[in-house]
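So here's one chain in two forms, each on its own in structure tokens, numbered structure 1 and structure 2.
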Structure 1
Amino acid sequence: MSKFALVLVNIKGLGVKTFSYLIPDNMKDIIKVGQLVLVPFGRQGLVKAFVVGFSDYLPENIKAKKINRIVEENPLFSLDYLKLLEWVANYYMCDFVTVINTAIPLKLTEQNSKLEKSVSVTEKTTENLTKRQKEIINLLKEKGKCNLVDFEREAKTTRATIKKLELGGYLKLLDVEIFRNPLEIFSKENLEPLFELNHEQQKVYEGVRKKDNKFPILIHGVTASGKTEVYFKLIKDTIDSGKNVLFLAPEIALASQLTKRLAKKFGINDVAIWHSSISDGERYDVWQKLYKNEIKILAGVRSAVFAPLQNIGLIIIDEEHENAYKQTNPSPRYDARVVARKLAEFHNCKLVLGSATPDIQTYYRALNSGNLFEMLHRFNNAPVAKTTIINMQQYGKAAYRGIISKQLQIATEETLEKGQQVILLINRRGFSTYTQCQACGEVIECEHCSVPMIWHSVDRVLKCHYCGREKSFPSECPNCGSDALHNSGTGTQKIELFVKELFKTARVARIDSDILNKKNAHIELLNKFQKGEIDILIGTQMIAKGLDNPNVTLVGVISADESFNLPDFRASERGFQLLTQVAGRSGRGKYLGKVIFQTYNPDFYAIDSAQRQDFKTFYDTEIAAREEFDYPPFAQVFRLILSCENVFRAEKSAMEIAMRLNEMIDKFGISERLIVLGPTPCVLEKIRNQYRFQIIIKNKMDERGHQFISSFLSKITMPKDIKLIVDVEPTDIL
């Protein structure tokens, strides 16, 4: 047995650090990785710490103190778990402690006596309650701690009750529905049965079952094809075989909905939820249950890949194309899909991904490994809304304020007359101004990078933010010779104004990033829209997904071109996903829906295939372009961002790094396979007074390239005032 234990402590002001402690003889046989221990720490006295490793030697001149005692003999995580975190640190090029900090709720190492709450309800607090409320309390008393569950915003009654009961935020009810009917839902006998699968579902289910665990499996199924029901069958099989299931969704709201559905099918005591807004007490509790193998199904958002679920037999990632699976800030900049793949490898289990608009890279890999399953029909064969493309080259002049075409006006009026609702999507991110020909739809792109060039009004040039090339504003369109070249961009507020001018009696509301600053404003507006108190909802990409309002029968996209013209190699993919998703908001109820895309570029492949909801055609064109320009899946992209308050220093340090990297690459003769672009200013050039420059690296030599970059970066030390961010496989390059 080793002499020293490496422990992790979390000290106020110091943060998370590891230290070595002497293992007393009486602990030698019982001490394990993952245990919670008490160690003496300077003036702080005894503090809580986690054992993360062992050694026989100490760095010179360090005198180790003794571990005081073991608080929890049951470890809270395993060695394998630490190995996974270590892998994440290496892959995402950040330090181990940062990953641990993200993965393990380190509040656990602080004074966690407060965490050991239980349900205590005194007679006094129950005095003024209704019969139903008392019923619930009895139930809760009976159950003791029940799995943490979360409740939705509308659940005002529930919340009030909880407050009254002084449950201290520890125990929350699933939602109003359960509140109304707790006994039924909590009881095992009343679980909802799984549906009989239809033919298409059954085929996919059987196909997935037969696959080995080697590669991720993709279920590409149009919305409402019944993917979730297929997942449920797979889940059932997995828990019947004695193993557990991890189920990821992109956002908290979706994860909560899912938890509810899972609880109804599999019983509330076997299901738990994991996301960033659960309290530390809850987290601690779920953490222990997971580690003790008391939970069978864990639903959660991306951070749930780090929850210590044991004995995993299946991992499902729904809506796998969503950006939210990648953490962009702060470090570790991990992608839950990538980590999940590693996790599946550790557990030798299946990873099943699902989406109606899969990530190009996921689709490519699934296709090539024979692990692609498709569900192309809606479950009940409900018709998909019909999409019309309005060519603004032709109709733009007659459009209201040049923006709202006659066709969209008429369709809106008709919809309002029927008392139905309208969604208008404005597809823009305020900062980018690309240049487009209004006669033929051509967008000025960099010939080397195939991304739109961005107009810089200060320097009066077009700039490529990938390679740095510049161009003056062309006098005519390079495609058709017309002089109708135009810098894009009408703000959401202006469009709201125009819509209000046009439809005077309609109740109009707008949701965009301005609104996000006001807490809950966005949710309140969505609720109002849901209740029919808003006729026309105008918004950016935020309104494209999730909304399930059966009374919406018209979706208009003001300018379908905008999202395609961000200077990002994924712009077409994102644009296609957005149009397909937003089109899916129309006609979900008993009325047939309509969709209108306004565009200057009607023949653009992504718009054309979004109109027909034709993923495959979009994919075929997109994958060819990716191959030609060395983008994923044909190269792995790294992004380095250097930022500094001083613009010259930021640029200079970026140039230096690029130069040194290029020198190394030349020395090893791998410049064909490791391609360095830039430095260039980021599209978002200045954030919080920091000037930002980026270097893009395309790696075409897999792990060896990754290692090369990693070792190069590990040798770099930056001056204090300059920050270097490394983003491995970034989701966007803005």
Structure 2
Amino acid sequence: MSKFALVLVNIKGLGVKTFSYLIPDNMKDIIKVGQLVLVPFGRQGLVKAFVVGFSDYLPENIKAKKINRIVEENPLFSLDYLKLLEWVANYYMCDFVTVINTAIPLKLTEQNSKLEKSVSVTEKTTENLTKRQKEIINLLKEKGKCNLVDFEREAKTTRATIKKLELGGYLKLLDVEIFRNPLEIFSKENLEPLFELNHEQQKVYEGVRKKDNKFPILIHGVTASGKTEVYFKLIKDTIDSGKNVLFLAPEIALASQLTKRLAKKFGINDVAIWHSSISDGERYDVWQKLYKNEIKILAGVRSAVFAPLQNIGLIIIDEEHENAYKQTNPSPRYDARVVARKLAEFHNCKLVLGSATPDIQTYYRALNSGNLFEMLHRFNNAPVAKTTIINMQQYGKAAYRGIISKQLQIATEETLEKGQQVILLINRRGFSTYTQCQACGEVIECEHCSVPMIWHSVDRVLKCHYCGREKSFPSECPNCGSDALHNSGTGTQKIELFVKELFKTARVARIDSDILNKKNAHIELLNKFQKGEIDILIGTQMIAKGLDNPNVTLVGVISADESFNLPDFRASERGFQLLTQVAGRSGRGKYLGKVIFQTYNPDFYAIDSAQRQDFKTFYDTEIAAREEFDYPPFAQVFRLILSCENVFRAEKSAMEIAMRLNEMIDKFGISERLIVLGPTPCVLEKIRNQYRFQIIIKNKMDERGHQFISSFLSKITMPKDIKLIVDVEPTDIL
């Protein structure tokens, strides 16, 4: 056994530098690569560190200190896993330890002792249960389906414990309800068979199988075309070959629904889920099973790309166009789709992306690599819902409260009379979107952010959606003293009120981030809608994806223009995707669907393309504009944001960095291939009392340009009062 362990110390700013520590005799037989240990480190005292190697040699004149103790005997990673994290740190230009702490939640290491201590608590609590309750708990525990630890620790009474059990505690990893006979539901004999693929699905499936692993594969399938069944067939092939599958979805609710379906198809013992809402105890259990290669299919959101799944043979990213795959804050500002590409390279496996409205960049690359497969018909050739555009310039005056058109009212009434369901989209939460003085025009803004405060009628407060600041409605205008303050604009709360006024007997519910304080509230709401307990569901963009309810036959978009009015090069793409996706929620069953877009700009090309569900026409228009203005996929975009409480210092620092960068670019004669724009104030100029200026860099030199920018930024030292954010390939430039 080697004398010294090489460790990465969990302190920012040290990069990938390793330090040598003497291995005590009592650790020599148990120490392994990937373990978390405690080591003495200068004035820092004892700090956490990761074992990454071993050595018998030490430079002269250096006396090695001893490892204090092993925090976690079970290794948390392999060396190959560490290489992936190092690549992420380099690509996204952030500290290596920051990536490690994002990828490996160190709270997991604190769970072992807590789990052991909780056994007696569990036994004591179950003494007072009914016979049926004891029977359920014991059966689940015997089969390894139940870990009562997390909700036993929280529950104050037996009643609360059982309530949590009934909400899905025994299968919390799947976020599903407790079944009457849970052991049979997911037994091998009762698994749901895979569907027989139709001709179009079979053609895509066979085409994907034949492709090599060199480039990502895109399945562009219209909503309800049956992409998931193709995924499942590919998953079965992968598992049968002895390899494992990583399946990503953009949001927790979708990942939960997906995991439930996977468990019914492939068995609960082979499936796990990974996202922020599962408890630390569950996360620890899943992490160890993944590392030991005991999980065949891992479903999750973007963070699951860092889970230590072994022997990967297939990576699937559904709804690949979604912004949610990109972490915007805090660092590392990684994109799970990009990390998945690198992960697929490491494992030499297929990466399959799927969407009805693919990201422009993804579609372009798939088209040019010959890795594009299209499914342009709904499953069983079900007709696409008919979309009607309502020109609010013409019909707005006759609309209810100037917002809900007569046509949408009539369509809703007809839908409800048939016992069918309605989805209404308004991509703004709150009651109104700004409060303005009608005497002087002053708009009430957040004191800490340069954005209007939003009136929330339920809480009866003005809220800032960026810093969370709240205040009561002012009695007079802070500018002129007038009492002529008026709430304007429309949010989900206002639409909910108006819908309840119009359809008094309808069961109406609203789903947006304001009502999702309770854990898993969104899943409970969507389940109620799926069961038909809600007639009209009003929501933001979160209702535009993943809902597969055959009883929804009407989708109304209150303001189709909302997403297009942003000063961002992706605004048209995001707006088109949202309209197309939400339209796809209508008419997915045996009933013909209907879609209504309300707009003040009916001739806009993105709205026209969304009405016709015509991605190709939209793509052709959009890709031409991207090429003309050097935006992705024709250039890689970097965004530098400098912020400070002092607006002049923030601007000055931004100007100095831009000047130095331009000088270096000119020196190397690459100004036509590395284009620097700015600095300019950000669209959202102030957030949380920090004034913000941005520099946009367009890189047309691929990896060489990336290295050039990375090298330049690594030499910059910022004053303590100024913060520099580096966002590689941002999803927006607001």
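In this text, rigid core is short for the largest set of C-alphas that superpose within 1.5 Å between two forms. Note that this is a predicted model, so its numbers are computed, not measured. One-based numbering along structure 1's sequence throughout.
One of the two isolated chains is the form predicted alone, namely structure 2. Relative to the superposed core, residue 668 undergoes a C-alpha shift smaller than 2 Å between structure 1 and structure 2. Once the rigid core is overlaid between structure 1 and structure 2, residue 539 counts among the residues whose Cα shifts by 2 Å or more. Positional change of residue 728 between structure 1 and structure 2 stays under 2 Å at the C-alpha, relative to the superposed core. Superposing the rigid core and comparing between structure 1 and structure 2 gives a CA shift of 5.2 Å at residue 38. Once the core is aligned between structure 1 and structure 2, the alpha carbon position of residue 443 differs by 22.7 Å; this is the C-alpha shift at that site.
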